[in-house]
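Next up: just one chain, as structure tokens, the form predicted on its own.
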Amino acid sequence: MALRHYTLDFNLSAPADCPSTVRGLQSIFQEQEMTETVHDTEGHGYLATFIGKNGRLVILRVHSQGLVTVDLQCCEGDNIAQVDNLLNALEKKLKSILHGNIRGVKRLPALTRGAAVDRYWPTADGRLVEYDIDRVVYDEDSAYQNIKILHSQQFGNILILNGDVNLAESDLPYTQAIMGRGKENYTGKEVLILGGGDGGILAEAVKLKPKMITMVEIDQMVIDGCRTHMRKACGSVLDNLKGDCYQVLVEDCVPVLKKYVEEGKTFDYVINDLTAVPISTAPEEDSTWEFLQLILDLSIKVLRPTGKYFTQGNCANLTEALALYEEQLGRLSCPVDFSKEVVCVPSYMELWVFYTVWKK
């Protein structure tokens, strides 16, 4: 079962007359055979609920600050034409009752709650986005995370890990930005990719004729899901864990990095596709900051003197979080310089910041 939630808002120049506003709407609710219940708001305007035999629920609120709101809830299978007619009637009547006192009217598309296919995912800066998702392609829990691949009509298949949108088949700008494509010469170079289980970076990097790419991804189930369902992003590179110029290690990257440091192994490029910069310094984020600091430090140690380290930052609106990350860059075991680029990633529906770091 799913619920459809409609909203209709009237912003007023002055507080509305509650009794006359309510009386003016009663005939509409009576025609709908809806039962009215008035709730005591202790001087904060008027609040009433109207319940129909078909399960429809309308909440009418006349706020004392000059706002009238109508919320209508109905089952997904309810007659949409009838619901639209009810909303149209309420909007028309309120425009008549409140004539001369209206600053703005806003009617939003219905929010569908509890549907079998979830279409709502928040952006990094906390805005809710409704995607045109029409089906669940893959939904599994690995030992590390929940893995979803959902199909969007405009973005193709989208990989979502633990509720975070990671990569869609449309998101080549993300892949190009995180590897500095068009700015760097990968020919004959040695490359280390941390994470990247969707295969997008690996697929683009092998086209640039590197000497060898080592990709370290901890979650085999991400690789398996993307190999089958994200082929527009990864192509055929995940069909085998070894190719002419690449190898995929299904391991935790931290021990691998530590081993490379001990062995003195170095790379021309290190690409960190593990996690975005945390959005705050709240206690629950501390472990992520510590992890990022560890990865940064180890990555710089395996970077050749002329090498470069690439990583995503976060949403461009999260300036405080990005500033905190840049502070981290000043605390590494050796001094570094960095540059950043802001890119529009299609499925993120927001601008995203990417960093390039190199040794001074």
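We number the residues from 1 along the sequence you see. Keep in mind that this is a model prediction, so the values were computed, not measured.
Below, we refer to the form predicted together with a further copy of the same chain, which is not included among the displayed structures.
- Comment: 113-121 is the region of 90-98, 113-121, 238-246, 176-184 lying near a further copy of the same chain in the model of the complex, near meaning a non-hydrogen atom within 4.5 Å.
- A heavy atom within 4.5 Å of a further copy of the same chain in the model of the complex is found for one listed residue only; from Leu47, Ile28, Leu322, Leu329, this is Leu47.
- Screening Gln82, Ser287, Gln154, Asn162 for any heavy atom within 4.5 Å of a further copy of the same chain in the model of the complex leaves a single hit, Gln154.
- Not displayed here, a further copy of the same chain is kept clear of Lys209 by more than 4.5 Å at the level of heavy atoms in the model of the complex.
- Although the partner is absent from this view, Glu350 contacts a further copy of the same chain in the model of the complex, with a non-hydrogen atom inside 4.5 angstroms.
- In the model of the complex, a further copy of the same chain sits beyond 4.5 Å of every heavy atom of Thr21.
- Among heavy atoms of Tyr131, some come within 4.5 Å of a further copy of the same chain in the model of the complex.
- Looking at 19-41, the residues that come within 4.5 Å of a further copy of the same chain in the model of the complex, counting any heavy atom, are Thr35, Thr37, His39, Asp40, Thr41.
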